[in-house]
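As a starting point, one isolated chain is supplied in structure tokens, in the form predicted alone.
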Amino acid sequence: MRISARAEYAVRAATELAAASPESATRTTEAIAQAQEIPRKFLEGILLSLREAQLVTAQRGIGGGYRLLRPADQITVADVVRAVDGPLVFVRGERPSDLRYDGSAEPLLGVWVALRARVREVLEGVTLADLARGDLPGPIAAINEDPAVWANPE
């Protein structure tokens, strides 16, 4: 599974909005781009997708910019990734549940479905509020404590 640059930038931008103090919850595109080192034009497209997904709203005029539409503890990383990239796990452009295999490859479907379940478990288990606080939920933090997850197989 690969996380696209668009998805990674979207999560970073949304986390930047989540981290904004209540008094200055609206952030300009320029401020977000600068804080997260995201190309501004690329960010504009991302914010449009997040707006279409009803995760952020825009305010025009003086003091305008973007802010989260819901509280940060009600928006998961999965919500943001889906908003910009669609479903979390695809196999050849299809959802695992739409695939069919025959013969010796039949058990492969279970692999793809299990992968999707684990990806959902992680990405739906972390909110923007968690990221903004710098505090991963217990089950996710526990995974990261295992040194083996940090190693790349040879």
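Not measured: the values here are computed from a predicted model. Start at 1 with the first residue shown and count on from there. Rigid core (definition): largest C-alpha set, two forms, superposition within 1.5 Å.
Here the subject shifts to the form predicted together with a further copy of the same chain, a form of this protein not shown in this document.
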Note: exactly one of 69, 119, 58, 48 sits with a heavy atom within 4.5 Å of a further copy of the same chain in the model of the complex, namely 119
4.5 angstroms heavy atom contact with a further copy of the same chain in the model of the complex for residue 41: no
Just checking whether residue 20 would be counted as a contact of a further copy of the same chain in the model of the complex - the rule being heavy atoms within 4.5 angstroms. no
Residue 107 within 4.5 Å of a further copy of the same chain in the model of the complex, heavy atoms: yes
Do residue 136 and a further copy of the same chain come within 4.5 Å of each other in the model of the complex, heavy atoms counted? yes
Out of 130-153, which residues reach within 4.5 Å of a further copy of the same chain in the model of the complex, heavy atoms considered? 131, 134, 136, 140, 143, 144, 148, 149, 150, 151, 152, 153
Core-aligned, does residue 102 move its Cα 2 Å or more between this form and the one not shown? yes
